[in-house]
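Just the one chain here, laid out as structure tokens, in the form predicted alone.
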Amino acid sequence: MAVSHARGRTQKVKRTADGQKTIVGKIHPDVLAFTVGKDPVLDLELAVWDCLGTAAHVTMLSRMRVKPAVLGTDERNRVVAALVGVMREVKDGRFTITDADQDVHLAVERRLTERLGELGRKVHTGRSRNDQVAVDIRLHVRDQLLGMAGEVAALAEGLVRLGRRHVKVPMVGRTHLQPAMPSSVGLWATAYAETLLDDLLLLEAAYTYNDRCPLGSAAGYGVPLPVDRGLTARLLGFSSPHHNVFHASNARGKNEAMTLAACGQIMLSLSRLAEDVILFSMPEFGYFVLPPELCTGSSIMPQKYNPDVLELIRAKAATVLGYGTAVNTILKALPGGYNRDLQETKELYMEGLRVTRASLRIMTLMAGALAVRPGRLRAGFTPGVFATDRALGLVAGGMPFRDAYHYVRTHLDELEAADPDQAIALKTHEGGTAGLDFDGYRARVGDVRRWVRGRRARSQKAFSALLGVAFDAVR
């Protein structure tokens, strides 16, 4: 007897000489459990996308100019209707992937064969599980990146609102964590908003890289059939197919790495923001007060409100960066063509997306409920914080900068009465404490939301036309 841990459960499987029967042959049960891994669980997230990819493929087969036809129009319609039924099963939680299925692709094929008999055994003509999983992942990534972009926009908007509400509240600006120059809550909050909006440049690049269709590349070398790869790309709402079929195969993994690179930069920004909020909400600073409902308590200390979610975001940033490193390391020594190593990239990219999106939502809650304490912020100013401003004031009066620098360094006592409100009001240049473009930030957030809406609408229209039913009704 051997023990299998597939799908998070322990079960005893009997070793037999001829192995366990699957749709692609008999496999030794230990080998089956080892190679299947977590796919029966992870692939549930790809089931809807696999059905869409299959619908596009059979539509193309029904239009392929060969005699006899691989699929007739009526047969195509029956397959698509059955696929819609499978999608409804997925939506209702009734779709399962067994260890014998191995993955979502064979599970969907099994259900089609159960429903359609011989017709279900035709759908795999001209494709491989290699291009199936590649298109599934690209459809999944496309959907996830659009969701993430919307969540980045929501957090950026929340930070801009926080900054606008407190645009005139002075805050000590720090370098090396030491008091440096006059700043403001408005400058601090919108800086992180702008950081996240700039991070979207990499997310958009990942989206563009992902927006090509690998269907028809089969195992990476094409097929001796007149498949219309441009048609399947259009049916699925992709901008184009990959041209070179070998490249389409090799792009598997790189696509996941690009996605994780975008996630990693967003998590870096969230981690630094989380660290700032942790520090500035400490009693020794007291600049901010964390919302109690977003904190956790102590099992022994009744007074504690701990910033656990912020600490977890800080830690999860390292985890997501590690996922990206792991995928790149898996890819770095692979030869050209499909290799099973790529199976290991699936969980990494899925978990990276999940963690990044969850972190964005938590930080949006935090930004919306963070309390600002103007009195404590003003009390944090010491004479030295005004030193650079004073030196530049002397320069404006005609003193050489280095002379002004040394004068102020030895006369900090002259700055005892400096006013932080006045100091931040003087910086009216672009991007300064009194020169923040809130309308510009609002416009950038709006641009992101329009970008998301436009691309999602394009996908929804393509999917609904392909299936003959509203995609939202079966998603």
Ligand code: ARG
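One-based numbering along the sequence shown. Note that the coordinates shown come from a computational prediction; the quantities given were computed from them, not determined experimentally.
Below: the form predicted in complex with ligand ARG, not depicted.
Only one segment in the set 123 to 131, 307 to 315, 380 to 388, 293 to 301 has residues whose heavy atoms sit within 4.5 Å of ligand ARG in the predicted bound form; it is 123 to 131.
For Glu151, no non-hydrogen atom is located within 4.5 Å of ligand ARG in the predicted bound form, even though that partner is not displayed. Contact check for Arg340: a heavy atom falls within 4.5 Å of ligand ARG in the predicted bound form. Among residues of the shown chain, Asp50 is not one whose heavy atoms approach ligand ARG to within 4.5 Å in the predicted bound form.
For the chain shown alone, Asp136 is not a contact residue for ligand ARG in the predicted bound form, no non-hydrogen atom being within 4.5 angstroms. For the options His105, His140, Arg111, His242, the residue carrying a heavy atom within 4.5 angstroms of ligand ARG in the predicted bound form is His105.
Of the residues in 239 to 259, only Arg252 comes within 4.5 Å of ligand ARG in the predicted bound form through at least one heavy atom.
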